[in-house]
Every structure is written in C-alpha cells, then in structure tokens.
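Only one chain comes next, encoded as structure tokens, the form predicted on its own.
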Amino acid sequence: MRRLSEAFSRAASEGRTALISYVMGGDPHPETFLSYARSVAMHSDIVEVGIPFSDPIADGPSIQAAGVRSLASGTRVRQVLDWCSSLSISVPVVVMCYYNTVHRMGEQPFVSELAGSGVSGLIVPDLPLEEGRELRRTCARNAVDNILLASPATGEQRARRIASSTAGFLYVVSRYGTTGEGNSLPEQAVGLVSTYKKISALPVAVGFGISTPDHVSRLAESGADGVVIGSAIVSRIGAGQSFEHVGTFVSALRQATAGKRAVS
C-alpha cells in the first residue's frame, strides 16, 4: 500500500476524516519554513507543500501572498523538494505546483525528483485531464500518486472520468473560484461529498474555503474521507504567529476530524 492510502485507512480506523494541511514551500522564509511545516505536520495526516509560482491561477489572496514571500526570499524548486524529503520521514507529503514548473524540468526528471524526495503525491491544478495522460503514466511508473481535481462545475460524465483517472484520492473543490478562507462552509460542499463518493473508488477529500474546526466537523459528519485546509493555515504563518500557535490551530482542526464528538 502507498502511504496516502495508509494515511486514509489509519484515520478511518480511528473514526476520523483525514486532515490534509497545506503549507507554501519556503514561506515565510527558507530559514523558518521547516519549523512551521513540522508544527503543522505534527497534527496532520498528510501535508501538502506548494511550490511557489508567479502566476498561481487557482490560489486566492493568502496563498498568493505566501508565494510572493517565498519567491522574494529566494526559494527554488529543488529547495522545496529537499524540505519535502525531510518532512516525508514523518508524514506523507503531496506536492502542489503548476504545470510550468513540471514542464521546465521535464515530466520524467521532475517526477523522479519527487520520488527521490519521498513525495507520495502530485497535484497540478492547471493541467486538464486530457493533457495529463503522460504525466499520469510517469507518476504511476515512479509510485507517485497523480491527484486530480473535480469541482461543482464538473459534469457527471467528466466527473466519472476524473474519478477513474485520479490516484491516491479525489480532490473535490467545494466552491467556484480560487482557494481562500470562508466564514461559512460552501453551501454545496456536503452534497458534493455524497455525489463524488458514489462514483469514486478512492477516498474523497474536500478543499477550498474550509477554514474552521466547525467546517471540518460538518464535513466529517457528511462522510468526507479527507479535508484540505490551506489558506487558514498560511494566513496565520503570514501574520507572524509562532510555530506553537500555528500548531495549536492545526491541532484543533485535527480534533474536529472526528465530527461533532470532537467539538461538542
């Protein structure tokens, strides 16, 4: 079994939804990134690490700002992969990047670098299903799960194709637009869990706009196999909160993965 599958299975055996926490590689500065990332990883089932990019079309203000900070401090792709290697010792790591980063290095060299860094999965949000066949094959040859996204706008036939092509888990985008914190859980999020669990043989994880322990609890109660939290963590790092405070926030999210039992 691959490590992502094991992480979902372990969480399910504990009566929980898996917590997938996002951090931007190199944010807020290369010298402090690993300390923040380890504080996050301590309370997470899976850590998603972003590679900073100058045109992050799927990301909202918080993660865009994190990418700007990281690039301004000189972060480079291979640095991020080195950090992933360190993190992957304790928790499964998924890399999120845009296709320009993959194309620049070449699909095979890039995926080989991921595998060599102990990375378990890869998300490339701007690569369409039809154009990603060779990357999916390359990932499969290197035992890296190529994780695909589906959204509220995805039609049924296409959703089934995405669900049958993804590896590791199916990433369900809970709302229209970009990533970002939300005061309320996106209205369609719970319904999307039910819809996609009917067609996916792999775990279903929900992200975009999931920001609070209450959001996590409600998705856990809905039967989601995983929840992805990004902007709510990144914004706290960007605000200069201490490693301990960020870790405490992620711990509260982790407690909520058992549903209402954890927040009652």
Partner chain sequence: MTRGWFGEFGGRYVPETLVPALEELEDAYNRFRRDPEFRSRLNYYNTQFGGRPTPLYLAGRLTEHAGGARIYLKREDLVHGGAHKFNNVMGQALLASMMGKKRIIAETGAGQHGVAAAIAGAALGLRTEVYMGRKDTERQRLNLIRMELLGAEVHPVDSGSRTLKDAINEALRDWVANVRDTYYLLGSAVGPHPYPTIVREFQSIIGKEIRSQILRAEGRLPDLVVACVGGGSNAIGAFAPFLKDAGVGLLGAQAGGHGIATGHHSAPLVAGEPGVLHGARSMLLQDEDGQIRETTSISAGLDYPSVGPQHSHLLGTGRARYVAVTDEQAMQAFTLLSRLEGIIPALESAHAVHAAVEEARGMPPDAVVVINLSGRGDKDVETAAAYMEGKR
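Residue numbers count along the first chain shown, from 1. These figures come from a predicted structure and were not determined experimentally.
A second form of this protein, the form predicted together with its partner chain, is not displayed here; the remarks below concern that form.
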Tyr99: touches its partner chain in the model of the complex, heavy atom cutoff 4.5 angstroms: yes
Contact of Ile162 with its partner chain in the model of the complex (heavy atom, 4.5 Å): yes
Flag Ala201 as yes or no: does it have a non-hydrogen atom within 4.5 angstroms of any non-hydrogen atom of its partner chain in the model of the complex? no
When the contact criterion is heavy atoms within 4.5 Å, does Ala239 count as touching its partner chain in the model of the complex? no
For the interface check, one of 89-97, 75-83, 111-119, 137-145 should have non-hydrogen atoms within 4.5 Å of its partner chain in the model of the complex; which one? 75-83
Among Pro52, Leu71 and Pro128, does every residue place a heavy atom within 4.5 Å of its partner chain in the model of the complex? yes
Looking at Thr195, Thr212, Ser222, Gln64 here, can you tell me which has any non-hydrogen atom within 4.5 angstroms of its partner chain in the model of the complex? Gln64
